[in-house]
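This document opens with one chain alone, in structure tokens, the form predicted alone.
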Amino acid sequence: MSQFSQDRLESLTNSLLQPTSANGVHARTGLFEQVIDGLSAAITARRESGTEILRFPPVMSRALVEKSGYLKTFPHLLGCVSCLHGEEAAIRALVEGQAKGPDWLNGLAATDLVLTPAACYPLYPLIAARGAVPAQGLTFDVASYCFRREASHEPGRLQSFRMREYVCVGTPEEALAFRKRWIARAEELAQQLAVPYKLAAASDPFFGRVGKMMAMSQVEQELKFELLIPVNSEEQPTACMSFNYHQDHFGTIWGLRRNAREVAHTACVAFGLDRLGLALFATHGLDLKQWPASARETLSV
């Protein structure tokens, strides 16, 4: 634990992330962004040919998130965009504190937008709108700023963070083969970055008592793996990449079909860019010149 002492972690994070008045929301320094740019380029260099690139905004349709099932499985993590509604006079009275009764926060009402919870969630309805999935399947490179209402605000567990994903849409065999390839590539990348890591079966933070059973099933079926790197401690390493096989979950919800009968399966690999950046600094320190040659070469720093 000594190399991950609280003092050292605070020194690292204070040099990389500037606090704001909101927990888990930070400004990023130039040093941190230099490494994030290098990580992004390294991930791009490993992109498979024929992959379509899409970049999504940090908000998406509330109706689409509800249909995807996220609201039922992760309601404790979801953020909704709310705005003041009504006539100008009523809004002015609220914000200037002249209205009788509730303050302006009580005048908010939900809009048709939520904060994007994962980079791939806006993708599936977009694919569905295009029609049938082609015989050769589809692969995508997607990215977004994401939001999750985290209960803890330790380093690496941000409320607002950047996620990069590769997504496969195809047969069960294609989805599983895609995930297997990316697990191998991710381990190779971790080795080149010279970070200690381990690969482990994992589960998502499902909500409630039913969620606990879903998490157990997810682990038993090995639907999710995570690549874990020490950030806060060696005993409890941080999940910096995940490798997910969704089976036909999104295919069924969004009607993604290879033909009239065959529902498409999906898989994704997700890179938590901010977590990866913190893991690198936690491992190698703040002086980029002292980092291992393989890491500097991989990141072009």
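Residue positions are given as counts along the sequence shown, with the first one as 1. It should be emphasised that the depicted structure is a prediction, and the values quoted were computed from it without experimental measurement.
Omitted from view is the form predicted in complex with ligand AMP, to which the following refers.
> Heavy atoms within 4.5 Å of ligand AMP in the predicted bound form: which stretch among 233-241, 252-260, 46-54, 30-38?
Only one stretch passes the 4.5 Å heavy-atom test: 233-241.
> Identify which of Val195, Met163, Leu115, Leu223 has a heavy atom within 4.5 Å of ligand AMP in the predicted bound form; exactly one of them does.
Only one listed residue qualifies here, and that residue is Met163.
> With ligand AMP left out of view, which of Leu158, Leu189, Leu78, Leu138 would have a heavy atom within 4.5 Å of it in the predicted bound form?
Looking at the other structure, the residue within range turns out to be Leu158.
> Is Arg62 close to ligand AMP in the predicted bound form, meaning a heavy atom pair under 4.5 Å apart or at it?
The answer is no: Arg62 has no heavy atom within 4.5 Å of ligand AMP.
> Closest heavy atom of Ala264 to ligand AMP in the predicted bound form, within 4.5 Å or not?
Flag for Ala264 set to no.
> In the predicted bound form, does Arg148 come within 4.5 Å of ligand AMP, counting heavy atoms only?
Residue-level check for Arg148: yes, a contact with ligand AMP.
> Answer for Arg275 alone: is it within 4.5 Å of ligand AMP in the predicted bound form, judged on heavy atom distances?
Output for Arg275 is yes: heavy atoms within 4.5 Å of ligand AMP.
> Go through 194-208 residue by residue and record those having a heavy atom within 4.5 Å of ligand AMP in the predicted bound form; state none if no residue qualifies.
Going through 194-208 in order - heavy atoms within 4.5 Å of ligand AMP in the predicted bound form - there is one hit, Asp204.
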